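Presented below, as structure tokens, is a lone chain in the form predicted alone.
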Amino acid sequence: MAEDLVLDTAIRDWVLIPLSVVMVLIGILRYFVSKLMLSSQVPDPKIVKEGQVIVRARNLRAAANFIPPKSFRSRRVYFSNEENGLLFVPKGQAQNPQAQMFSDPNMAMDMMKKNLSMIIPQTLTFAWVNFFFSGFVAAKIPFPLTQRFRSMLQNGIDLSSVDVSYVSSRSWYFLNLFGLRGLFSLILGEENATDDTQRMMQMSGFGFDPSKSLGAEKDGLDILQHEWALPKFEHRAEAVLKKLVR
């Protein structure tokens, strides 16, 4: 049977609060350090052009029903023509985003700097938490939980008699590591918030493939069924006026 524990206020003052404050300060410091380490990059004109083409194709699909059928067909041929269409990418010219990323030394260096700015602070902070605060029960969640949460909330405590709602200091570190994005959004702004989950996804090597985006927009234009909405505006306006008169 799980036992209830009485947490000493000294654990709150010397473990819980310092650990939370240190995690917030390290996150803010890591953001500014990574911002200083980034080199100024000149955007690739080809990538900018492909991005603008994708935006234009999306606007065409969104507003297709507001232009005549002939105009829509001519624009669709202009984008999706398999000879010289803007959205058509030959199979041999499709670029590997990972090869393109590593071919640019500045991009590879920036990626390495981002990874170092995440790995080094996390390694040092985890070693600090594991050395000074290992084995502490730092907090208690004010609602009951199932046994599946024990491994997540009580990392470093091998006691089955402790209730699942108690949180160890090591688990509190991981909760702060992945759960402070909302606080960083308030402090640094929504666009500047550091998100370790997104950085780990970036470390996995997944890059942006413009050929896939161009192909997806081309397929979207090809299957789009055009229906000009202008001839129906008069009937709609007449129906609305009749309702207002009544």
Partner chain sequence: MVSKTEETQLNRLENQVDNGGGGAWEYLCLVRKLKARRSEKVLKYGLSILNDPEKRSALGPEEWTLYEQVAIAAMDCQCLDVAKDCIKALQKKFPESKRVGRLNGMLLEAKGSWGEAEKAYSSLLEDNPLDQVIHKRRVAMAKAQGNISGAIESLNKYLEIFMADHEAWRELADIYVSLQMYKQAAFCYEELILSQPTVPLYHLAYADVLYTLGGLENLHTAKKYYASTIDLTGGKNTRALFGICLCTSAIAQVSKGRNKEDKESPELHSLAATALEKDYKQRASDKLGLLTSALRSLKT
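Positions refer to the first chain, counted from 1. Bear in mind that the values here come from a model prediction, so they are computed numbers and not experimental data.
What follows is about the form predicted together with its partner chain, which we do not show.
- Contact check for Val24, Lys35 and Leu153 against its partner chain in the model of the complex, heavy atom at 4.5 Å: No residue of the spot touches its partner chain in the model of the complex.
- Query: Looking in the model of the complex, any heavy atom of Arg56 within 4.5 Å of its partner chain?
  - Reply: Yes, contact at 4.5 Å.
- Is the gap between Arg75 and its partner chain in the model of the complex 4.5 Å or less for some heavy atom pair? So Arg75 counts as contacting its partner chain.
- Message: Is Ile223 part of the interface with its partner chain in the model of the complex - any heavy atom within 4.5 Å?
- Response: Because no heavy atom of Ile223 falls inside 4.5 Å of its partner chain in the model of the complex, the answer is no.
- Query: So, in the model of the complex, is Leu186 in contact with its partner chain at a 4.5 angstroms heavy atom limit?
  - Reply: Result no; Leu186 lies far from its partner chain in the model of the complex.
- Pick from 213-221, 27-35, 177-185, 64-72: which stretch has non-hydrogen atoms within 4.5 Å of its partner chain in the model of the complex? Selected stretch: 64-72.
- Query: What residues, if any, in 120-135 have a non-hydrogen atom within 4.5 angstroms of its partner chain in the model of the complex?
  - Reply: None of them.
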